[in-house]
Structures are given as C-alpha cells and as structure tokens.
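In structure tokens, the next block holds one chain alone, the form predicted on its own.
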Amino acid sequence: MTTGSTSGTWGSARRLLGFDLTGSAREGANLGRLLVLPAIAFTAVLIIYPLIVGINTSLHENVPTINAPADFVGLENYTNALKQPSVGSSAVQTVWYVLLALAIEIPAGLAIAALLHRNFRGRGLVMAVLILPWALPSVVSGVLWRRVFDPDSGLLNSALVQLGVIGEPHVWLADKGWATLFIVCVHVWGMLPLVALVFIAGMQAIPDDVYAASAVDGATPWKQFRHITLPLLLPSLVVALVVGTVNAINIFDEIYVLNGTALNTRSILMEVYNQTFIAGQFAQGLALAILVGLVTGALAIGYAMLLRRRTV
C-alpha cells in the first residue's frame, strides 16, 4: 500500500469515527471568539471609548460642557495640573497611604494565611467572617468606622475616657498624623481579607511533599516558612503588592466619608475629584487622572518585571 493511499484511508477513518481534530479545533476556536465578543463589546463601550474621550478632552482647552468645541492645547492641562500646590501635597499623602497600607497588609496577610491554609474544624466559618469586611462597600465601611471615631459619641473616645487614657474626647481626624493612621486602618480592614486569600491560594498550591521532605532533613517550621514557603509565594506576593498598591493609590471613599475633602488627608484621587467637579476644570482633572493611571500602570509593570527577574 502506498503512502498516499494509507493517509487517505486514515483520514477517512478519522472522519467516519468523528475524530476530525482539525475541524473540531476550528469550530472550538470560532465558538471561543463568539463567546468573547460580548466581553469585548462591553469593554469597548465602558472602558476604551471613555478613555479615548478622556484623553482627547485632556488635550483641549477647558470648556463648561463635555464634547463642546474647544481649542487644542496639547500638554498644557498636564503641566497646569502638576503646578498646583495641592497636587504635590496630595501625591505625598498618597505615598504615605500606599506605604502604610502595604506595611500592614503584607505581613498581616501572610500571618492570617499561615494560620488558615490548613484544614481545621470551623475553618469555613472563620473564612466567611474574614471575607465580610472585603465584601462590604468601602462607603459602608467608612460610615461604620466614622461612628467609632466620632468626637462626641464615638466608641474610641468613650473607651479611652472610661479607661482613663484621655481626660476628654479628642477630635482624632483633625490631627493629620492620627487621621492618616485611622484612614489607613479602615482601608486595610477592607483590603486585608483579599490579600490574605491571595496568600492562602499560593500556600495551598505548594505540594505537601516538599514540607515532608524538608522535615525529614530536620527543617524546623520557621526554616520551612523561610526557605520553602516564602520563595514559592513570590508570585502571590507580587499579586498582593499590585492589588494593595493599586487600591491604596485609588483610595477615595474612606477619606471622603471620614474626613471629607480636608487637605490634611487628601489623596491624589480626591485632588482629581476636586479639580474636576469642585473647581469645574474638567480637562485639567482628566489630565491628572490620566497621569495617575499611567503611574499606577507603571508600578504594576514594575512589579511584573521584578517577578520575572527573580524567577528566570
């Protein structure tokens, strides 16, 4: 039998038996494209189109209404936004929010994950309670915590007065240091469950055989955590850093609910809100928002490049 006849016979047999892989793969690819089309359409309508309109608006002179005729000014709105003194102070304040939030979220998330990644009785209930703060909208969390920090009838003042720590109620959010710390705590309270879940997922992906083999070699739990868990958690650590950094840069609801637009706690996103909606400088506010987006994207790319460098 010749090679050509053999190939033809095998091809006919595949078609008769329903194993025409080429046709199936093509149909699967077409079905995949069809199923992805709605997501692409929603992304284009809700993200890409507004982004294009925003960039175009930021390059034109500020007008009182959107899409009204305006002169092209290039990067003038960007330079004007950066020249505002409040932008510099809000950027510094945002850096503090990011550093403090990450300094609490990463170690605390690792500690919680180390406690919860093993199965034990009641673990499901503990996990459900852990997720609750993250499930609550940030506005709701801010309202709840505002009752705690209220200078007249807040739980914090009442407890400290009863314990004799302070002699009279204190206006905590009027002091920049205390206000920054408390806002960070409220933000971390909502973000910590997500960070902990990221680390729990990373720990559960590590094979138990690795720990068993190291225990045979005499490794203590601390050495296992330091030399096995932490190195293998590097991808999860990068994810947690990206999530924590992006959310800390975009902190808004907690600040607005707890302390309004006060300059002592104003973040860069609140400065965008002030320039856009309070001052009515839509083009300048959009320019500042685009700059914040570029910085956030650059940080995320930097984390990804760091992960790639450490794993290659």
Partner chain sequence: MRPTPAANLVRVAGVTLLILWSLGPIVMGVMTSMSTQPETQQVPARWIPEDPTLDNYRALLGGEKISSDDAAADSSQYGRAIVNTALATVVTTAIVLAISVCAGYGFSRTEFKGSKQLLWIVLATMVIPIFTIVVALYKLMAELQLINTFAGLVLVYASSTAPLAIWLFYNYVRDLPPDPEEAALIDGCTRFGAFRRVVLPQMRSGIAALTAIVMLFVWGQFLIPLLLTSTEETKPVTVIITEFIGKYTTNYPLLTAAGILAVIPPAIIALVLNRHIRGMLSAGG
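Since the model is a prediction, treat every value here as computed from it, not as a measurement. Numbering follows the first chain given and starts at 1.
The following text describes the form predicted together with its partner chain, which does not appear among the structures shown.
Among 95 to 103, 189 to 197, 225 to 233, 82 to 90, which stretch has residues whose heavy atoms lie within 4.5 Å of its partner chain in the predicted bound form? Among the listed stretches, the partner-contacting one is 189 to 197.
What is the one choice in Gly167, Gly218, Gly124, Pro207 with a heavy atom within 4.5 Å of its partner chain in the predicted bound form? Flagged contact: Gly124.
Which of these residues, Ala179, Leu241, Ile112, Met203, gets a heavy atom within 4.5 Å of its partner chain in the predicted bound form? None of the others qualify; the residue that does is Ile112.
Verify the contact flag for Ala248: yes if a non-hydrogen atom of it lies within 4.5 Å of a non-hydrogen atom of its partner chain in the predicted bound form, no if not. Although its partner chain is absent here, Ala248 would stay clear of it in the predicted bound form, with no heavy atoms inside 4.5 Å.
So, in the predicted bound form, is Leu132 in contact with its partner chain at a 4.5 angstroms heavy atom limit? Output for Leu132 is yes: heavy atoms within 4.5 Å of its partner chain.
Just to confirm, Phe120 within 4.5 Å of its partner chain in the predicted bound form by heavy atoms? So Phe120 counts as contacting its partner chain.
Does the 4.5 Å heavy atom contact test between Gly302 and its partner chain in the predicted bound form come out positive? Judged by the heavy-atom cut-off of 4.5 Å, Gly302 is well away from its partner chain in the predicted bound form.
Would you mind checking 130 to 151 for residues with a heavy atom within 4.5 Å of its partner chain in the predicted bound form? Result: Leu130, Ile131, Leu132, Pro133, Trp134, Ala135, Leu136, Pro137, Val139, Val140, Val143, Leu144, Trp145, Arg146, Arg147, Val148, Asp150.
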